[in-house]
Ligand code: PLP
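This document opens with one chain alone, in C-alpha cells, the form predicted alone.
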Amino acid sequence: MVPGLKDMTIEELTEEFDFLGLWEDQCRYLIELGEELPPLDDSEMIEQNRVHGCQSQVWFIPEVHEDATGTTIGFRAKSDARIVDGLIVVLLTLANGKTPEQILETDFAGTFERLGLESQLVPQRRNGLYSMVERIRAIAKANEGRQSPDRTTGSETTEVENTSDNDVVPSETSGAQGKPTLPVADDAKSLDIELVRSQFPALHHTLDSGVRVTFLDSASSAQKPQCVIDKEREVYEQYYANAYRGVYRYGDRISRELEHSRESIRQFIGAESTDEVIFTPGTTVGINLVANAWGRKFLKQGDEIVLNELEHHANIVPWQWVAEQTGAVIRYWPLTDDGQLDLDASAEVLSEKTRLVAITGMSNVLGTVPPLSEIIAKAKAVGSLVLVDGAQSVPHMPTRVAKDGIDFLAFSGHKLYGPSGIGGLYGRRELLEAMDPFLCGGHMIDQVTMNGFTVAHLPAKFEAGTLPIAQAIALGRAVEFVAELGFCPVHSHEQSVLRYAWEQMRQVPGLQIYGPDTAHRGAIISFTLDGAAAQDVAQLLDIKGVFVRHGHHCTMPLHEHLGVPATIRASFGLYNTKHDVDVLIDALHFVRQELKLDS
C-alpha cells in the first residue's frame, strides 16, 4: 500500500500493463501513476535522502513501524521526473508495509520482467531503477532481525536514517536485459572453409601484379567478416546517437545495442555478470587500467609481481612502471629451452609476497599456450591474483573466466575479427568495486559538486567519456560470429593448418622455427632464415602476395632470450587453409633464390 494512493496490488498493476500491451501506452500509464505520488516537503529533499545512481533526482525516506506483531517498513519517495515517479509507485507497491525479511525475499527483477520494464527501459533508467531497489534492500537489511517492543496495543513509527549508498547490497540483476543467447554451434562439425572465406571480402583482393593476397598476419590484426562490417555500417546509417544519454528512439536503440554486445561478450568469456565486462580501447588499455586502478592502490613496498619473458611489452611495461611508483618487485618466471613456462620453478618465483601473476593466454611470438589452470592453482595457493593477457588466446580457444578462476582478463576486438579501437576487460566484481577509477569524466560520473564527486556503478565506473559506440556494437557481432562457428571446429581447423605448416616449413633449408611443438602452441609460427634479415624476408614475401609480420613483435626481452634481433611471424586465423601454407612455402623458396641463400 502506498500512502496517498488508492489501494493497488502488484497483480493489478501487472494486469493493467498486460492490457495496455504497447510500451507507448504503458509509458503514459507510468506518468499517470507518477502524477498521483504524494509530494515531499522541501526540507526532505536533501542529500541524505537522495538515491545515487539515478539519472533523475530521487529521494527515499524510510519509516520503521513497530507493534506487537512485528516490524514493518514503509517508504515515502519522490523524484523530479513523472515517469520515475511512476516507477517509484511500482517499487512501493512491491515493498511498502512488508517486514525486512519479506522485502529481502521480494523478486524485484522477476516483477520487472513480467511488467516488461527489463526490456523497455533504456539502460541508464533501468540502472536507476535498480539503484532504488538497492536502497530499499539495504534499508531492509539494516533492520533485519530488529526486535519489536513488547506492547499489546498501539504502534510506533520511527523515521530511520537512510543507509549509505556505500552500504548497499548487490542488486538482483545487472547489465543488459532482453539478453541475447549466443548460438550453440555443433562442435562435432567441421568448418566449411570456403563458405567461411567467402565472408571475408579483404581475402579476395589481388595485387596489381595479379597475385592473390595470402594473409598470414592475424596475430597482429585479423580480417573482418561481412557481418561485422555490415553491423558497424548499420549503426551509422540507421540509428547512431550517443549512448546512455537520450531517451529518444535512436538513443534508446543505441544503448540497447551496446548492452546486447556486452551480454554477448559476457557469455563468450564466461563471466557471471555484465557489470564485470568493461569496454576498453583494447588489451593494452585494459592492462594499464588494472595496473593503475588496482596496482597503484593495493601494491606496496616489497610486494611481488610475477611476469615472464613471453609477455608482450603491454604486459611488462605497465607493471614495471607501477613497481617503480609503489616499491613492488618484479620477478620473472623462467622459461624452458623450448619456450614454455618452467613449472618446476614455481616454488622459486611464487611466495606469500606474490600479489599478482600477469601471464599471456598465448604467446604472440612463439604461440606457446601456458597451462593456465595449473598456473592459476599455484598462484591462488599463495594468495595471488591472476591477470591474463587474452589478446591472442581469446580469438582461438574457449575462455571461462569465472570457472577458471581468472581475476582479470584483457582482450582486443581487432584480433577477434572485430573492429579496431575496441576491446574488453573482465574483472571480478569485488575487485572492480574496490578499485578507484582510471579515467574521470562523462559516463563514469554519478554526482559532481564543487567539493567532490561520486562515481557511477559498474561497469560505467571505468567507461569515462564517450565509448567507441559503433565499434563496441560491432564487436558483439564478431563474438557472435565466432560463437556460431564454434570453438571446437575453429580450433581443430587452425591446428590442422598449423601442423601442416610446421611440417612443410621444417623442410625449407636454413629455416629455424622458435618455440614448442604443435601440441603446446596456438596457430603462430615465428622463424628466421639463415643469412637473411627478417625485413628482407618479409619484403620479398610481399612480392608474392604473402603478408607476414617481421621484427621483435613488441617482445624485446623474448628476442634477447632467443638470441635474435627479429623474427618473421606467420599467424593463422580461422579463414586460412593448407593452400595458404603451400603459397608461403613457394614464396620462401623464392626468397632464398632472390637472396642467393643456396650459393
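One-based numbering along the sequence shown. Since the structure is predicted, the reported quantities are computational estimates derived from the model, not experimental observations.
Another form, the form predicted together with pyridoxal-5'-phosphate (PLP), is not on view; read the next lines as being about it.
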Original post:
Has each of L216, S496 and N576 got a heavy atom lying within 4.5 angstroms of pyridoxal-5'-phosphate (PLP) in the predicted bound form?
Top reply: no
Original post:
So which of G86, G339, G522, G282 gets a non-hydrogen atom within 4.5 Å of pyridoxal-5'-phosphate (PLP) in the predicted bound form?
Top reply: G282
Subject >> Selected contact from I136, V479, A391, V228, since only one has a non-hydrogen atom within 4.5 angstroms of pyridoxal-5'-phosphate (PLP) in the predicted bound form >> reply: A391
**OP:** Name the stretch: of 450-458, 71-79, 463-471, 391-399, exactly one has residues whose heavy atoms fall within 4.5 Å of pyridoxal-5'-phosphate (PLP) in the predicted bound form.
**Re:** 391-399
Original post:
Looking at the partner-bound form in the predicted bound form, is T360 within 4.5 Å of pyridoxal-5'-phosphate (PLP) by any heavy atom?
Top reply: yes
Subject >> Distance check, V90 to pyridoxal-5'-phosphate (PLP) in the predicted bound form, heavy atom within 4.5 Å >> reply: no
Original post:
Would A328 sit within 4.5 Å of pyridoxal-5'-phosphate (PLP) in the predicted bound form, counting heavy atoms only?
Top reply: no
Original post:
Heavy atoms within 4.5 Å of pyridoxal-5'-phosphate (PLP) in the predicted bound form: does S526 have any?
Top reply: no
**OP:** Select from 407-422 the residues with a non-hydrogen atom within 4.5 Å of pyridoxal-5'-phosphate (PLP) in the predicted bound form and write them out in sequence order.
**Re:** S412, H414, K415
